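Heads up, the chain below is alone and in the form predicted alone; it's given as structure tokens.
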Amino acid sequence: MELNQECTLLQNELKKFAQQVILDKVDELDKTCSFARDNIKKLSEMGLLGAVIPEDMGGAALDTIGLVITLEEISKVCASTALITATHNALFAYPILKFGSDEIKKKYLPQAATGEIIGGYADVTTNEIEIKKEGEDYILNGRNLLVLNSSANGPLIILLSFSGEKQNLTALLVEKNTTGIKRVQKNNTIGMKASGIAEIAFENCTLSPTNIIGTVNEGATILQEILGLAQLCLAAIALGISQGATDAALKYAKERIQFNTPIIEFGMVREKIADMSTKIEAGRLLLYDAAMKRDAKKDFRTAAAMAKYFSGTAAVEITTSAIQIYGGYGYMKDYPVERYFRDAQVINVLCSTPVQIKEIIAKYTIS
């Protein structure tokens, strides 16, 4: 599948950026669990934080294939930086653009496009929140353990049920300085340690009806819409992780000498490289096909689910093989493959697990 000239230029620019700007910092960010703020600032200067935002609001207005290529190239070096970018675009800016009121769009999208704010998203599956209505307002109490971009201390989108029924979700925008929010800045994830995933607690947090994205009980529709784009973004990140791990393993195999021979000459190592490369190419074709379907205004939901399922599970398999090629060194933090392995695990719990996404694929295929 051949990319057009514009996408090729974008790909080359991002490859250079990742190698020259991100690479030197990635291990330290992972070790200290520090939010990759400097990387994001530089990406904002390149216009990529506004990837899905229209040009008249300060965004880059990238098409879907441009967005997934961006995330893939960044993830080859730092998946955490890519996840911040994906969350900000697909799970924060896009739902505002698609469903938000004119007032909310004008207030948040120009700031999101320039990186003045970094938007977050609370995973709907980890809500432990009670919500009740007092007059016209809504009062939140409880916590969510998996809030993407929480460490950016920006506004976030959360989907809650006013009735307690899962199908009756409502999307709410929680502003960063809202009274009653406590951001628990601890990183308990095994991977994506520089992506700012953290817990947020709510104690008598008051939201007004103007904080609603779309309409009351429209959240399920909003969730389905944004998850389609999010699945493509996560598939792109998984693909980048896989390629990064394979490149590292191949380089090591060419340099590592055993019995006076580079281990790349050993049959078992060559077999692993062949399997890894084949899975990457298959995942890339699935991803690009789904992205192009979306750009062509075609139904891309099944293709997106397949891309996320295949690339997510393949990333775990490929990074495991990379560690095995390194042998004992693969388990050492001196080498990048153990980080790629940990980051790959996170992909398969965000937005949907492999079991859940197979059910989605079956549902779309049968209907």
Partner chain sequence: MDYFLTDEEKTLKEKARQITEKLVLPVRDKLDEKAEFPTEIVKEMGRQGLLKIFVPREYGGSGAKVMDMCIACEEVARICAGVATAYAANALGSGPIIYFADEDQKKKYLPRIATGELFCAFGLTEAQAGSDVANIQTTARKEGDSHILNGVKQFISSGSIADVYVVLASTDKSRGARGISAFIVEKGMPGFSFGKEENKLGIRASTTTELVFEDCRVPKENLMGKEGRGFLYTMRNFDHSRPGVGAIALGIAQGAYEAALDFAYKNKLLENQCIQKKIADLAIEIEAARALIYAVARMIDSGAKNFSKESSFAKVFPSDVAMRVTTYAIELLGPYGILKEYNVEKMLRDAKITQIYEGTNEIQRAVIALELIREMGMKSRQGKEQ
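From a predicted model like this one, the values you see are computed outputs, not experimental measurements. Positions refer to the first chain, counted from 1.
There is another form of this protein, the form predicted in complex with the partner chain, and it is not shown here; the text below is about that form.
Within this chain, residue 46 is remote from the site of the partner chain in the model of the complex, having no heavy atom within 4.5 Å.
Residue 9 falls outside the set of residues with a heavy atom inside 4.5 Å of the partner chain in the model of the complex.
Of the heavy atoms in residue 256, some are within 4.5 Å of the partner chain in the model of the complex.
Contact check for residue 293: every heavy atom lies farther than 4.5 Å from the partner chain in the model of the complex. Contact with the partner chain in the model of the complex, defined as a heavy atom within 4.5 Å, is made by none of 101, 162 and 167.
The stretch in contact with the partner chain in the model of the complex, judged by heavy atoms within 4.5 Å, is 310-318, chosen from 310-318, 294-302, 63-71, 38-46. Between the options 208, 177, 188, 215, the residue in contact with the partner chain in the model of the complex by a heavy atom within 4.5 angstroms is 188. 143 is the sole member of 143, 183, 107, 270 with a non-hydrogen atom within 4.5 Å of the partner chain in the model of the complex. Taking a 4.5 Å heavy atom cutoff to the partner chain in the model of the complex, none of the residues in 57-87 make contact.
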